[in-house]
Structure formats: structure tokens, C-alpha cells
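Listed next as C-alpha cells is one chain, alone, in the form predicted alone.
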């Protein structure tokens, strides 16, 4: 059985990269829904439908036992609904769908010293208030400062991550969070680690950066230890298969920037 990793585009490759480093023995199926990206501007109902379609692809076509929804927007808006309404329809009780939002919130709460956490994310993730709820459950004394950054995903997907225009926009987005004197910043979209060096330069050494990629692999290790029935079904042959809902060549060109050229063949698939 395989592990599926799903994202609205190429951002989830940052999560996949960490997973393959931590667990190289497992076989992964990656799906980027680039044809319908970005998700951050879409309704909750639409995103839920997209996640259901992706889950069907993984479970019914690609022999996956576990699916990780790497997209923060999808984790915030659709994960619970899909877990409650879709998973019960499957014949296998061991099939699971996990998200990245809760592990990321937990990592940020553990990291902050002054109880002031900032978040940059898509409009969808910010408007869902999912991070506010999860952080509030863990420590209601923490102050959370959110900033919607809708231009970043299209710029990254366009290959403009290193352009001066992107750095200028990023600096403007982060200004209010610097003014809030946060000591911890959540990069609340899996695309954003591609900009992590610039974020660190702008925010300074005193601010800890929390990414979903780093937080997720630690949570997966704990999850598999607590669910040996699931762990025992996973293939240990290694390797990754890549799928996109749009142009495989463009996806591969952008993906190689995440993997520094080490990336396999990308296949196109239609979701329904």
C-alpha cells in the first residue's frame, strides 16, 4: 500500500520532500491539482468536492492506505467534512486522511516564548480561522496575528519566487507582523517554504519560522507508531510517482526547483 500526498499545486512537494527524507522506505503518490489552483479563493463547498475527488483517485486508483492533505486551505476547509462523509463509504476501515494544519499549530505553540504567533496564508485559510481555533485550544493565552497573502501562490507557481517584485510584495505583507512583535511565524501554505530564505531575512533571527513540511513528518512518525495496523500495510519498496491535473512539463520544471533537479516523470490525470 502507498502513501498519497495531495496539494492544490506544487507546494505540497515541500511536504513530500521532508517525508521522503524521514521515511525513504515508503512508496509515495503525489498529486498536484494545478489545473484548479489556487484553492485560496474558492468556496468551502468547492474545495471539499476537490478533496473528495483527489481522495478517490488515491484510494480507488493508486492503492493508497493513507492520504496526507498537504494543502493548508484544503486542511482548513475540507478535511473534517471528507473524513466524516467520505471515509465511512470505503470498504477498508484502515484507510485514513490526515492534514497539515494541526501539526503545524502544535509546532508553533511549542516554539513561541512570548505567546505572539503570526501566520501568513491564503485568504481561504485566514477566513476559515482554523489556525485561530487550533492554537486557542492549545493555549488560549496566545495572541495570533493573521495576514492573508493571496499573491504569493500565483507568483511561486509562475516561477517568480526569486524575482525582486516578489521580494517587495513579501516585505509589504510581513510589515504588520513585524510591528506586532511576534516571535514565531507560521508559513500557512505549503508553497511558502520556497520563500523561506527571504522570509527569514525580512523577519530577522529572533523570529522562529514554522512550516507544515517540518511539522508533518514528526507527526506522521508518531501516528504510525500509534497505528501499527496501518503501518504494517505500507509498501517498503520506496520511490515516488508524480501526477498533475495540468501540464506535466511545466509542473516538472517548477518541481525541480524544490528537489534541486532530482525529480521523476510527471503524469497528467483528470479528476472526476
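Residue numbers count along the first chain shown, from 1. Predicted model, so just to flag it, every value in this text is computed and none were measured.
Unshown form predicted together with a small molecule; subsequent notes refer to it.
Taken together, the three residues 104, 186 and 213 lack any non-hydrogen atom within 4.5 angstroms of the small molecule in the predicted complex. Screening 196 to 204, 67 to 75, 105 to 113, 173 to 181 for residues having heavy atoms within 4.5 Å of the small molecule in the predicted complex returns a single hit, 67 to 75. The partner is absent here; in the predicted complex, the one residue of 130, 117, 97, 153 having a heavy atom within 4.5 Å of the small molecule is 153. Note on the partner interface in the predicted complex: the residue among 48, 37, 245, 208 having a heavy atom within 4.5 angstroms of the small molecule is 37.
Interface residue remark: residue 149 is not counted as part of the site for the small molecule in the predicted complex, having no heavy atom within 4.5 Å.
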